[in-house]
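A single chain, nothing else alongside it, follows as structure tokens in the form predicted on its own.
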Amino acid sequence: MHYDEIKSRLNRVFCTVFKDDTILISEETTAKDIEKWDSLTHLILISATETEFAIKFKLKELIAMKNVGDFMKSIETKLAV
């Protein structure tokens, strides 16, 4: 799957989880950039992403992610296996 397709699908996940169709993620997006992004919505976002892409994250992978770009790279790596 191409990076642009991952970004598009992940953006739809963000819009659904945060109930906001105006969200446009970028590689630099962090929790500070989205008003409703707290610890609970973070867990929901991870779960929704795992469902959308049929993947599973390990805790150490999640801890290492600093922004949406890291998130997309992790998804891309998992889908390449």
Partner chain sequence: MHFCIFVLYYKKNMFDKIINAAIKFSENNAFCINTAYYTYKETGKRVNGIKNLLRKSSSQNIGIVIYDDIETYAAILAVLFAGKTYIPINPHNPPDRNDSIVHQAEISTILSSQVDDVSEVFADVLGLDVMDTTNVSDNNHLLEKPDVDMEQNAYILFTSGSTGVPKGVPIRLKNLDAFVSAFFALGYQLDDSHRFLQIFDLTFDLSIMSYLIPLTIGACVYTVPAGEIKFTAAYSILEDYEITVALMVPSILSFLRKYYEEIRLEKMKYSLFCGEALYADLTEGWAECVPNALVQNVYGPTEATIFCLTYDWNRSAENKNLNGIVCIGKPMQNIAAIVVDEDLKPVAAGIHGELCLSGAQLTSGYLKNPEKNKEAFFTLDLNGTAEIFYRTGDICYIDEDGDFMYSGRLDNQVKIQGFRVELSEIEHYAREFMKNANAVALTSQNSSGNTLIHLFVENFNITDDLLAFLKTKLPTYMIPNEIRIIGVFPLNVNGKTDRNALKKQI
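Numbering follows the first chain given and starts at 1. This structure is a prediction, so every number in the text was calculated from the model and none was measured.
Quick note: we don't show the form predicted in complex with its partner chain, though the next part is all about it.
Original post:
Any chance residue 50 has a heavy atom within 4.5 Å of its partner chain in the model of the complex?
Top reply: Although its partner chain is absent here, residue 50 would touch it in the model of the complex, with heavy atoms inside 4.5 Å.
Original post:
Taking heavy atoms only, is residue 63 within 4.5 angstroms of its partner chain in the model of the complex?
Top reply: Answer yes; at least one heavy atom of residue 63 falls within 4.5 Å of its partner chain in the model of the complex.
Original post:
Might residue 39 be said to contact its partner chain in the model of the complex, defining contact as any heavy atom within 4.5 Å?
Top reply: Flag for residue 39 set to yes.
**OP:** Please run the contact check for residue 54 against its partner chain in the model of the complex: heavy atoms, 4.5 angstroms, yes or no?
**Re:** No, residue 54 is distant from the partner.
**OP:** Assess the spot marked by 35, 43 and 59: is its partner chain within 4.5 Å of a heavy atom from every one of these residues in the model of the complex?
**Re:** Yes, all three are in contact.
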